[in-house]
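Listed next as structure tokens is one chain, alone, in the form predicted alone.
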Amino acid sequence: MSDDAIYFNPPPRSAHTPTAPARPAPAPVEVTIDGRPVSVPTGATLLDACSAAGVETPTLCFASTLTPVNACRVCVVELEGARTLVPACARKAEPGMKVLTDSPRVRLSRKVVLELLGSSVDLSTAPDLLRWQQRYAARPARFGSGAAVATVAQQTKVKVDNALYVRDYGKCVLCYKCVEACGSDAQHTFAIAVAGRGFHAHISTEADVPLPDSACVYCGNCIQVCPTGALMFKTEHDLRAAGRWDPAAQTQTDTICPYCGVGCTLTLTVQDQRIVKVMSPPDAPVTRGNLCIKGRFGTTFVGPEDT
């Protein structure tokens, strides 16, 4: 028998080849959400339990692809026996827990957080936050929203130092999601971090250098997770500035990135026959929402005059 025959026709695998034993399924955890019993897997969070119970819980700094940082506190719930409200996104479910998601204490806490955010940050491109403000009857004007937001707009400037995306610190709520996506949760570039303290805290490159001089590789994964539009495609920013951004006229199509063989899923947003934004589904098994510079920005040049 030739060597080629041996190579292309390996002997059949023995029926006695050892295999790893199957891992036993973890025991479910039984908790009570607003008086309803809910069963979730071991390791699940209270946010998972709320979702299993059909309860929509507001979140801001949470993303399914990122490590919880407990920064925003809009997801807090009331846990029987706990002295303080607990963040649902990070607190693990334990057997016998009894949780209230809409008690007066929870509603007041969420309302105040939303009011404080709305009083100091431009939330005009954060539809979820605006919806939650209505849901909890939040009134940011109690803290002087008009003057505060105007002051923020005057003190912060939209940074346009590259051709791909812009940064508007007047819309930043310091949720840390961009920092996590740029760091150990996804990209491992560590181009940005939180600088300053207290009211002076802000997201910054190292030594506040312009983005092209930083470690940024323009993957755009920070844009993917930003909940307020503080990070935005330049194409979207320019269309909004011109009054031409029209979600009602847009279509979205999932496709596969053409640049390499990894098979990343792209969600193309198209307006006026031009690709104006590229995202990736967070539940896509290959990408989990993450892309490289080619996948994120390498198709936005396509338009009717290019076909």
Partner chain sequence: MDLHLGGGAASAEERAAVDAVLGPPTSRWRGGVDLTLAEHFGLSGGNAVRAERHRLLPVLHALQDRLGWLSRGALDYVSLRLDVPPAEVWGVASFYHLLALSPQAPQVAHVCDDIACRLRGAEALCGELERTLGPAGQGSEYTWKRSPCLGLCEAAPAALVLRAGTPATHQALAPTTADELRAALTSTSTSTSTSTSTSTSTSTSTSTSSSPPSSRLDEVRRAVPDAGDPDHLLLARVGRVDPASLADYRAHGGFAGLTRAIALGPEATIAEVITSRLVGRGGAAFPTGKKWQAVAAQPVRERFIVCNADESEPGTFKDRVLCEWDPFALIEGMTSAALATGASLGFIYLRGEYPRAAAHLEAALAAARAGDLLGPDVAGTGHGFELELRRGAGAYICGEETALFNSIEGRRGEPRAKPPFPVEAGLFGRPTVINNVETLASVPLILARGGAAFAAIGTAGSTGPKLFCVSGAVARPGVYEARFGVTLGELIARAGGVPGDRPLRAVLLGGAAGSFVGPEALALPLTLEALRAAGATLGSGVVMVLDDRADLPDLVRRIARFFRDESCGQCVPCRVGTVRQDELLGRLGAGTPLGSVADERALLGELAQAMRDASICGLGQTASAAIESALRLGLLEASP
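Since we're looking at a predicted model, the values are computed, not measured. Positions refer to the first chain, counted from 1.
The form predicted together with the partner chain exists for this protein as well; it is not shown, and the discussion that follows is about that form.
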Checklist outcome for this item: Students should find that, of 176, 169, 165, 132, the residue having a non-hydrogen atom no more than 4.5 angstroms from the partner chain in the model of the complex is 176
Next on the checklist: Only one of 85, 138, 186, 126 gets a heavy atom within 4.5 Å of the partner chain in the model of the complex. Which one?
Outcome noted: 85
Item to check | is_contact(residue 225, the partner chain) in the model of the complex, heavy atom dist at most 4.5 Å | outcome: no
Next on the checklist: Just checking whether residue 232 would be counted as a contact of the partner chain in the model of the complex - the rule being heavy atoms within 4.5 angstroms.
Outcome noted: no
Next on the checklist: Test of understanding: in the model of the complex, would residue 99 fall inside 4.5 Å of the partner chain by heavy atoms?
Outcome noted: no
Next on the checklist: Within 4.5 Å, heavy atoms only: does residue 161 come near the partner chain in the model of the complex?
Outcome noted: no
Next on the checklist: What I'd like checked is whether 66, 244 and 266 together line the partner chain in the model of the complex, meaning each has a non-hydrogen atom within 4.5 Å of it.
Outcome noted: no
Checklist outcome for this item: Partner contact check in the model of the complex: of 66-74, 266-274, 23-31, 252-260, the stretch with a heavy atom within 4.5 Å of the partner chain is 66-74
Checklist entry - in the model of the complex, which residues of 89-123 put a heavy atom within 4.5 Å of the partner chain? => result 91, 105, 108, 109, 111, 112, 113, 116, 117, 119, 120
